[in-house]
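Next up: just one chain, as structure tokens, the form predicted on its own.
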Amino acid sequence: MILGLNLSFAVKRWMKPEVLAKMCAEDFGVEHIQFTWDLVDPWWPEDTRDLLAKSFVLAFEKEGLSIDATFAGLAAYSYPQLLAPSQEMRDISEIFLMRAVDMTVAMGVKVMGTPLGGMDYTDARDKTVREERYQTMIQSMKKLATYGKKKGLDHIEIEATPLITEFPHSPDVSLKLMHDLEGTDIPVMLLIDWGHALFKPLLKEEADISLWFEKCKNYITAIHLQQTDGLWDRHWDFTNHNGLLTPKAIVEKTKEAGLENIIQYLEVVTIFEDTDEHVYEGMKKSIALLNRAFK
């Protein structure tokens, strides 16, 4: 079992690379890091952006930690991206994701992950338009994979999300997406989030991680960990006792699926008004619990 850490918890709190890297190494004891675009935005001017992004890489390397992947954060997720209602917006999203590839490669990182975007209310409920959005997204991802290969990316990870207005949102839709993207210039793979996979209001009887693992295991290259109640996309840390998950259950389900060699990044997203001290203590205790279970 391999535990990693997404840096989402640090947004608006710990933004100095050296301080954050030291915290992750000495206080948390994690080795694998997933960088969030909320710390350095792919839209920023290229030269300055890349210098800032590389400063995180250097700081984490100094502490003996590896940034294995970059991943879209809250800011990028708030936009419709590749499923936007207008072609102009979708074209902009392609440019944005190509810039994210550029930043990732400039950091010396080989893996980039992101959700695909979200549809307009009416588009999502019109079968014809919904299919059109899906097909244009497929073409965009093929172009992005070609661009990624040219730049030196190893593969792209698509996150399954818990919204009917987004692709993919269920085990079957995730599997279809993977089949439709087979043969791209670099592999387009799947990132599963425990909280998304257990979201009962949308998935109902399919809110079962074993089902997700069984159907999608051949395409899963990363997993997001969060504590959740299955009612909302909570992204709690593991000190919250209202959640469904235990570290023991996570280990058992992962091993049953034969996915114990896949990195599971703890992805905690806090309310901004929470105190830094409370967030820090919750992260430290959560990682300690997970580390003990994963070993």
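Note that residue numbering begins at 1 and tracks the sequence as displayed. Here the structure is a predicted model, which is why all the values come from computation and not from measurement.
There is also a form predicted together with another copy of the chain; it is not shown, and the following applies to it.
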Based on heavy atom distances of 4.5 Å or less, which listed stretch (204-212, 77-85, 146-154, 104-112) is in contact with another copy of the chain in the model of the complex?
77-85
Among Glu63, Glu260, Asp27, Asp41, which has at least one heavy atom within 4.5 Å of another copy of the chain in the model of the complex?
Asp41
Would you please decide whether Asp120 lies within 4.5 angstroms of another copy of the chain in the model of the complex, comparing each non-hydrogen atom pair?
yes
Given that another copy of the chain is not shown alongside this chain, does Pro162 nevertheless sit within 4.5 Å of it in the model of the complex, heavy atom to heavy atom?
yes
Contact of Phe238 with another copy of the chain in the model of the complex (heavy atom, 4.5 Å):
no
Using a 4.5 Å heavy atom cut-off, state whether Phe9 contacts another copy of the chain in the model of the complex.
no
At 4.5 Å, heavy atom to heavy atom, what parts of 217-233 sit next to another copy of the chain in the model of the complex? List them in sequence order, or say none.
Trp232, Asp233
